[in-house]
Structures are given as structure tokens and as C-alpha cells.
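Shown below, as C-alpha cells, is a lone chain in the form predicted alone; questions about how it binds or moves come after it.
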Amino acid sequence: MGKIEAALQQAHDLREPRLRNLERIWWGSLLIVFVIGMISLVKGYFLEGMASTNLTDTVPWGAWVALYIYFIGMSAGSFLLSTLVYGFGMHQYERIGRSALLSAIVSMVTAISFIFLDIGRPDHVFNAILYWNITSTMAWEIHFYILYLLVLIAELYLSMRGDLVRLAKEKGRLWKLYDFLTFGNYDVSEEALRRNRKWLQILGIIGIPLAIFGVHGGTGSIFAVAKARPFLHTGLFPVIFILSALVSGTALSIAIYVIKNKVFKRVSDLSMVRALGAMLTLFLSVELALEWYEFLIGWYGLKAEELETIRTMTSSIWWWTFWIFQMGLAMVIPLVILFIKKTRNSVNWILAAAIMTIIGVVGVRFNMVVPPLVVPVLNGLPWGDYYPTLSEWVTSFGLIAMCLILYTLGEKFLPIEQSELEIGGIEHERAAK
């Protein structure tokens, strides 16, 4: 036994310098991108206003709106995946439950940051709360966002409470933080933990319709009610938003779990990764089918504006966002990887499919925003012309770096990794039932 412990300690000592170097590179890279992004934000956005963008009266939505719905989808999808654990008791996914909730919170904060940039006066959001117009889709959406964030924070806290108490009692480096977060409740009896899991189940079930109909389906509704844009004005649009969220959230959870294990030289749970890969395959297949029907209806409708939008999306100067990002990286290539027997059983190939999906969905979001606005709503009106400025790109990358910084801080200072003791207790309770 002594030799085994000595070997483990030696391996740990060898790994520590490598992890410290990786952490320095990670933090250094993120901080540089974040600082440059904030400088661009102050110099371009705050000093020049919307003149620093290529947005116009013809094309009032651009990169920031596309990235807003991108991160909203990431958040809703991650949360819905976490409900498999906390809402429906599928504890085989327990190891990704907390990280899914944390990524849902961070993605939501990032999405709100992007839409605050776009609207220019984020303080006006309070008007929708104080003077609630119940016929306004946006006003409903703001209320849903607030309630959704509260549910996410409550769920994450309840899922961590047992580990927070344990860390507070261990008197480690951050024990005062953990002691504060216990709010004086040190009860970690089996009854208390069971009560926590009951509340987690209740919040998870409450959050499902909130995420589907209120958050991401609601965001899709904001686009779908734009009657002047035939390509957007369809009842199918909110449903596609929801499927796209499930795709994004599943891919993100796979990527986070596998990459963390690779960084810390841990073995990934192959059965869980395969199950998540199968889930991603299902969501991608359904989304591809829905997009086929979306385009089919557009072609058969023979509306000039809708046909022009499809043509603009697939064969104009923006063709690459559709064929390379939306169809290639976000759908076809991952589906091929996940359908082939050899690759769908490989953690590395499943990770590759997940990363391609995460990147490709950016193109999906841009195609939801830009082409429908570029096409004029009436013959004779000027065509729109939009491409993000350097200021828009740099500011956007700064906010994405902020997203990664927030997530990394959460992983570093909170017990996001599920303790084996907690997992063992859950499995014991399941066995007793």
C-alpha cells in the first residue's frame, strides 16, 4: 500500500508544475483578450456609440444580437441537460450536473451583456419591469430571464450545499467563503441532503417550461412575431430555437467534461460520454429535419422576400456562414462522426463533434439575424449591407473572454466537481429504493 501511495504522490508532484503552467497560459490569454475587448468597448462603443458598428436603420441587428441568442441557447440547453439529473433523477449524468448549471448561469450573464450593448440603454430594461405591458413579447421575456436566473442560482446552490458545508469544516484556504455560503446551516444529514434533492427536483421541473417556453422559445418568439420578415414569421421558428438550444447545451457539456478530464489527466466516463453523444445525434437529426421543413415551406410559399432571404443565405457573400458553419460544422460533419460506429464510440471523436457543433452554431445564429434583415421588405427599397466592424469583433471577443473567466472562477472557487462521497450517497439511496 505504501508503494502505491508513493507512486500516486510522485505522479501528483510531476503533474502540478504542468497544471500551474497551463493555468498561467489560460489566465494570461483570457485577461489579454478581455482587456483589449474592454478598451475597444470604451473607445468605440462608449465614445463613438453605434457609429463604431456597421448597424443601420436597414439592418438594426448584427453580431451582438447573433451572439446574444447564441449564448441564450447555450444557457437554456445546458440547463435542460441538468434537469435530466436533478429533475428526472438520471444520476448517470451526475458528474456534469453542476457544471451544466454553472455554464447556464455564465452563458445567461454573457447573453444579457451582449443584448445590453445592442440596445444601448440597458437602464430602459427597468421600464419593462415597472410598467409591464402584457402584450409585449420583450416585456415577458425580461421577466422570464430574471426568474430563470433565480432558479439557476438556487439550483446550483442546493446542488453544492453538502460540499460547501464539508469545505467549511475542513478549514482550508477558502473556508471563510464556504462558511459564509452555508448561511449557518451545517446540517448534512441524510434527511437534509434528501430534502435538498427534493427541492432540486421541484426547481428543475419548474425550470423546464420556463427554459423551453419562456427563455429560448420566448427568444425565438421575439423573432417570429416580426411579421414584416417572412423568413422569420413562422410558428416553426421558436421550435427550431429550442432544438438548437438542446444541441448547443449538450455539445457544451460534452466539451467541458472531456476537456477538464484531459487537462487533469483523468479518465472520462466512456458510457456517459457515449450516451451524451447519442443524445447530441438525436437533437442534431431533429434540428436538421426541422430546418429542411423550414426551407421547404419557404420555397413552396413563393414569397419573393422569403426566396431572396434563402438565396442571400446560401449563395451571396455570406454563403460560407451557411455551408461551412451551419450545414458543415454545426450539423453534417458532427452527424457523420456520431453515426459511424468507430468514431461514435471514441471520446476524442465525440469531443471533436461537440467542438465543431459549438463553433458551427455561431453561423446558425448569424444566419437567423443578418440575411432576413438584408433583404428589403418592399420592392424598390435599398438592400441592407452588414458585416461586423473590427470594433464589434474585438468587443465581442472581450465579452466571450469574460464568459470564460467567470466560468473558470466558478470552477476554481466553488465545488463544481461532484464529490465521490456525494455520488456514493446518491447511488446508495437509489439502491435502497
Partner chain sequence: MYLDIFNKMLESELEEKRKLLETSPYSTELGMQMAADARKVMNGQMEQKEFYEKYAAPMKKEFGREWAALEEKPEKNKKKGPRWGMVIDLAKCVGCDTCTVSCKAENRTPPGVSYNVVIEEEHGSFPNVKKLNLPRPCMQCDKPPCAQVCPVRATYKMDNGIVAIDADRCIGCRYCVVACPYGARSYDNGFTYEHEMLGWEDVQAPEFGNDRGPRTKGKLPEGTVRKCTFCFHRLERGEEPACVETCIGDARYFGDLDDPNSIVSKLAASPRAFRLREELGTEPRVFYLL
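Numbering follows the first chain given and starts at 1. The model shown is predicted, which means the values in this text are computed figures rather than measured ones.
What comes next is about the form predicted in complex with its partner chain, which is not displayed.
Enquirer: Among K342, H124, K176, K198, which has at least one heavy atom within 4.5 Å of its partner chain in the predicted complex?
Expert: Spelling it out, the residue with a heavy atom inside the cut-off is H124.
Enquirer: Please pick, from I32, L390, V42, L378, the one residue with any non-hydrogen atom lying within 4.5 angstroms of its partner chain in the predicted complex.
Expert: Of the listed residues, the single hit is L378.
Enquirer: Please tell me whether any heavy atom belonging to M160 falls inside 4.5 Å of a heavy atom of its partner chain, as the geometry stands in the predicted complex.
Expert: Judged by the heavy-atom cut-off of 4.5 Å, M160 is well away from its partner chain in the predicted complex.
Enquirer: Spell out, yes or no, whether the shortest heavy atom distance between D385 and its partner chain in the predicted complex is within 4.5 Å.
Expert: D385 lies outside the contact set for its partner chain.
Enquirer: Can you check whether K227 is within 4.5 Å of its partner chain in the predicted complex, heavy atom basis?
Expert: K227 belongs to the contact set for its partner chain.
Enquirer: Is S221 near its partner chain? Define near as a heavy atom within 4.5 Å, in the predicted complex.
Expert: Yes - in the predicted complex, heavy atoms of S221 and its partner chain come within 4.5 Å of each other.
Enquirer: Please name which of the stretches 33 to 41, 51 to 59, 394 to 402, 66 to 74 has residues with heavy atoms lying within 4.5 Å of its partner chain in the predicted complex.
Expert: Comparing against its partner chain in the predicted complex, the contact stretch is 51 to 59.
Enquirer: For the stretch 259 to 292, I need every residue with any heavy atom inside 4.5 Å of its partner chain in the predicted complex, listed N to C.
Expert: If the 4.5 Å heavy-atom criterion is applied to its partner chain in the predicted complex, 259 to 292 yields nothing.
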